[in-house]
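Only one chain is given next, in structure tokens, and it is the form predicted alone.
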């Protein structure tokens, strides 16, 4: 796998792998993040899709020295077989309602993909997703990969207000909006409860009926 170091800041080095949204590339980034986080010369690591931002203490080491220290570690890790164990990758199941009443774009998505609403829900919930990265807003996790048939672009004009818990798709990615906020993704469902996701986790969506959604929502409202 191709890789390179790039200067990111006076106290940060960027490790860059192949520039694409790919589960194997991202798993390599997650693996490197786990290993390099404990390196004596490293203060903090921030993983993303295909990059790893590495902060270091400039009073202890300079960039040239850091590159020299980390290069053999990176080469060894990338040469080793991919290894994802349950301890490294938590699996979460999240209940989602795909009914048009709570999923503003699912009928349009169904029409654009020449599928029924039920088929859209079945396709979306029939995949195990990988958490590629966290960003955009606190708690917003980018998940992939969406089935080919459902890969639609985001809206050209974002909504000013996307409800909290909205499950959405854009290209090969899907996500849950962790709070009410602006957003331009296609809204195909709504979740009421979900865990705090971490990069490298796996996610499955479990369809629930509108009646179940309403019942859970009423329970949450009464408890809150």
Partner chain sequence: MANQVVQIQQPGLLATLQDYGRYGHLAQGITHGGPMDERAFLWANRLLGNDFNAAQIEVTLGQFKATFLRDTLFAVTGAEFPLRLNDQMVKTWRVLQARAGDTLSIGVNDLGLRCYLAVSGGFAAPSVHGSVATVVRDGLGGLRQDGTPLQKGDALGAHQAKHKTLESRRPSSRLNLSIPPQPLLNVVPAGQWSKFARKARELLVGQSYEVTAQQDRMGVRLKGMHKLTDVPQSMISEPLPLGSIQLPADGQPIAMMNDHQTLGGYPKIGVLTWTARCLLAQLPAGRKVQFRWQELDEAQRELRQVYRFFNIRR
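Residue numbers count along the first chain shown, from 1. The shown structure was predicted, so the numbers you read here are calculated from the model rather than taken from an experiment.
Keep in mind that the form predicted together with the partner chain is not shown, yet the notes after this line are about it.
- Contact check for residue 47: a non-hydrogen atom falls within 4.5 Å of the partner chain in the predicted complex.
- In the predicted complex, the partner chain sits beyond 4.5 Å of every heavy atom of residue 211.
- Interface membership of residue 147, defined by any non-hydrogen atom within 4.5 Å of the partner chain in the predicted complex, is ruled out.
- Within 4.5 Å of some heavy atom of the partner chain in the predicted complex lies at least one heavy atom of residue 133.
- For the candidate spot formed by 103, 171 and 202, no residue has a non-hydrogen atom within 4.5 angstroms of the partner chain in the predicted complex.
- Annotated contact segment (heavy atom within 4.5 Å of the partner chain in the predicted complex): 138 to 146, selected among 69 to 77, 121 to 129, 138 to 146, 92 to 100.
- Of the residues 192, 37, 41, 53, just one reaches the partner chain in the predicted complex with a heavy atom at 4.5 Å or closer; this is 53.
- Within 4.5 angstroms of the partner chain in the predicted complex, the stretch 92 to 110 places no non-hydrogen atom at all.
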